[in-house]
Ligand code: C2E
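Shown next as structure tokens: one chain only, the form predicted on its own.
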């Protein structure tokens, strides 16, 4: 017993020694904390500006690729659609050979712009201008894309899209930020009116873009970054002493407990089959027929508790377990609904696929191996890739999508309109279906921009011969609006919530029964069920 206590006391003493070390580290850390904070703020600001400019260039190249080279009514309409869908762009203009504005997305009645300064970039086809509106709207950064033998296209970016309005701690910026061209010409400022100059109560961080030759300077109040040096030193001593006391208490009185590991819990749940598919019906809103379903996931724990995906999906994605989860859902769908879906060739089933599933064509192997021998045909499978996540290699992803389409599968682009890529993914990935996010469906009756975006997507889908599906439909007035504006497929709670496999199988049999012979089948298909019947189910 005495030897046991000696070991516990030795462990406690060692813990106290280790706990004292942070005091030394903490003192040195304080010296670097302020400089690191402003450096991070400056570098993150310039990275954000680079990203906005890059996406703007992408949007202008897409417009040019669409054949916009004049001020015809059709081209002005194309400019207007690009402004709606391309992110934080205030205006897109067609420029003449001398740089004069010929027209904008508003037509030929536009606000004159004075060019204050011009900056060449590392790409000879991209030029940056600082412009000022003649009527006192302030300064803008104008991004020009010069296309050989064609009029140049230019986009105006507002200040709010270029500089942070929040500081490193997520609160309103405690200081100032300034964006300039390489020659020092101011583009935009944010925060308070503090000049970007050395002061005792401010720290300054600077960063410069490697791609576009612009620079950012951030001046933050020291009180907005860390407290006073002496205050934090005292805090560090108290925290370290408390840490040492906690170690001593644990060593003497508390039994050792294993830390909860959520990743291990999810892995165990996958092995135990606790993640189960739920099915969100997809409906033809013109005739009420059941087109298929989107496969969602729920975590049904051993005690019967159902956990919604918002709780565990971020952890599943970040841990890399999303691929195993997707494979598990595919296998379960084959078992649960293979016979029901296979007997109805006109129906389809959709799976959400993480962008990393397209790396090295993993999804090709999974789809081929899982559905080989299944009653579900490859032509009944739709794979959804979301616009919310950045796709690192567009060309490689496009090749995988083409290979899937060669197998007979279809590919859908989910959450259209909520990402930052505008029309880029739709045009470059070659998908078969686009899904309008519920954000726009909710706003179509009240927001003019939402209506314009929906109408633009409908026209685009029609021109590219793609199917379009509206998500998150919850009211009959939304159904009527979508139907009147050319959308025939939708999903949402107005029809049915996500259903477990048994309930969805019952719904399939009720709405779309399999006839015993051809005559019964023809009779069943002749009359379409009403939407009210599906809602009641």
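Numbering follows the first chain given and starts at 1. The shown structure was predicted, so the numbers you read here are calculated from the model rather than taken from an experiment.
FYI, the form predicted in complex with this ligand isn't displayed, but the following is about it.
Asks: Please check if residue 77 has a heavy atom lying within 4.5 Å of any heavy atom of this ligand in the predicted complex.
Replies: No, no contact at 4.5 Å.
Asks: Is residue 438 part of the interface with this ligand in the predicted complex - any heavy atom within 4.5 Å?
Replies: Flag for residue 438 set to yes.
Asks: Can you tell me if residue 472 lies within 4.5 angstroms of this ligand in the predicted complex, counting non-hydrogen atoms only?
Replies: Contact with this ligand, yes.
Asks: With a 4.5 Å heavy atom cut-off, would you call residue 296 a contact of this ligand in the predicted complex?
Replies: Yes.
Asks: Taking this ligand in the predicted complex, would 283, 292 and 486 all count as contacting it (heavy atom within 4.5 Å)?
Replies: No, because 283, 292 and 486 lack any heavy atom that approaches this ligand to within 4.5 Å in the predicted complex.
Asks: Counting any heavy atom within 4.5 Å as contact, can you tell me which stretch out of 96-104, 393-401, 181-189, 348-356 lines this ligand in the predicted complex?
Replies: Of the options given, it is 348-356.
Asks: Would you mind picking the one in 339, 146, 378, 313 that has a heavy atom within 4.5 Å of this ligand in the predicted complex?
Replies: Selected option: 313.
Asks: So which of 267, 274, 432, 317 gets a non-hydrogen atom within 4.5 Å of this ligand in the predicted complex?
Replies: By the 4.5 Å criterion, the partner-contacting residue is 317.
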